[in-house]
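Quick heads-up: it's one chain on its own, the form predicted on its own, in structure tokens.
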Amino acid sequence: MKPSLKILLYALASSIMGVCWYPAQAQTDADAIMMAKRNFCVGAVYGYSSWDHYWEGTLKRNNENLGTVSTQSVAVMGNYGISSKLNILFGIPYIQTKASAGTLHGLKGMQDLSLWVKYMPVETDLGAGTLSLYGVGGISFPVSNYVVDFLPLSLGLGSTNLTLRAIADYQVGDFFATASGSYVVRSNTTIDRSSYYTTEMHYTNKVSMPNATQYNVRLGYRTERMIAEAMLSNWTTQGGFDITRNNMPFPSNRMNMTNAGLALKYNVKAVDGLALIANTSYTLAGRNVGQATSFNGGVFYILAFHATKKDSNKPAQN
């Protein structure tokens, strides 16, 4: 599955100064692949992300008190096919953060559980290819009491997120293009202090989180055996404020980023149902986020709860 199962399941663009969780490659919440009926795909993904420069508002800089900030993650994720047109997906990561310089100690622990429902109402021939349309709904929420107000070394932002996503996929022969758009509604998060300052003073431990949009475009080659694709994605918060000069980030900062990446999935011929995935991404531009380089690799296996094990990289599996 893929850093689109954001980890799947992004774990929802939980991107905090480079503490980003990118799902790995297989059937995910943001691609045009469906799991066959009564098949369960489950696996694990290891991820590594690091940055030594970040955007403080629009100013790109480094920080000798942080050095290189790195994040390692191990995520378990899965996808079950209720039918070839309706899938349920989940993902949950264990994360560890670290700064190579200064006195700040990294954190480690479970982050957010992500749950998704993915539905394909339309699959039709159009011109020389096949057009498929998808609707996706998801929720993510913390599963541990991690510290939110410790960016950029926090494990996550601590909010509950509701996501609605529309996906369109067009495939001609073995080549495809996929585009998706998402809107993310985020709940308030709670910090361990009774007051804080953003652009004004707040006498509460509740922080109002800005909602966000995400757009993703994929171009690539897709067969029964392999997927190879290039991706471009954008995450933009609908509000928030910039990090003030030489200050720590804050959960409700404006956090925008544009990432480019490459991803590969390969179904192993010698072992029916076994798939290997790998991907990498780089932050091209951002605001109040780290300019991160990320790598992910994982292994997935399909369990068939009927006589035939069926895993296809085609948009639909009837």
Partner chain sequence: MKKIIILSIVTLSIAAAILYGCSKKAEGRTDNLAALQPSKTDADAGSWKTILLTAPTDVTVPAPIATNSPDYIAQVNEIKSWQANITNEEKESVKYWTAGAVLRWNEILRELVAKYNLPPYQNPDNTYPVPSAANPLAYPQFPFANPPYAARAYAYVSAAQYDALVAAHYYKKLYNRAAPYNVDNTVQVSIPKSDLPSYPSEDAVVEGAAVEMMKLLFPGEQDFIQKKAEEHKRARILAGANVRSDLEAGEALGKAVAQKFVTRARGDRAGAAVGTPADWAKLETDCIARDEAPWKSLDLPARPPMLPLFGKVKAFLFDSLTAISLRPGPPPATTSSKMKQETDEALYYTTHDTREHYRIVHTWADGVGTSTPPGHWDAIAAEDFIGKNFSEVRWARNMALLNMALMDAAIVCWDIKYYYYNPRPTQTNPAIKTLTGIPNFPSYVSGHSTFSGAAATVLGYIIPENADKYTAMAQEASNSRLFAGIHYRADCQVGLTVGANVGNFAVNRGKLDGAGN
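Numbering follows the first chain given and starts at 1. On a predicted model such as this, the values are computed, not experimentally measured, just so you know.
There is also a form predicted in complex with its partner chain; it is not shown, and the following applies to it.
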In the model of the complex, the residue from Gly106, Gly78, Pro142, Gly220 that sits within 4.5 Å of its partner chain by heavy atoms: Gly106
Partner-contacting position among Leu162, Met110, Ala177, Ala228 - heavy atom within 4.5 Å of its partner chain in the model of the complex: Leu162
Non-hydrogen atom within 4.5 Å of its partner chain in the model of the complex for each of Val147, Tyr196 and Lys206: yes
4.5 angstroms heavy atom contact with its partner chain in the model of the complex for Glu224: no
Any non-hydrogen atom of Asn247 within 4.5 angstroms of its partner chain in the model of the complex: yes
Contact flag, Arg61 vs its partner chain in the model of the complex, heavy atom cut 4.5 Å: yes
Residue contact check: Asn211 to its partner chain in the model of the complex, 4.5 Å heavy atom: yes
Listed range touching its partner chain, judged in the model of the complex by heavy atoms within 4.5 Å, from 124-132, 228-236, 178-186, 70-78: 178-186
Its partner chain in the model of the complex - contacting residues of 39-56, heavy atom within 4.5 Å: none
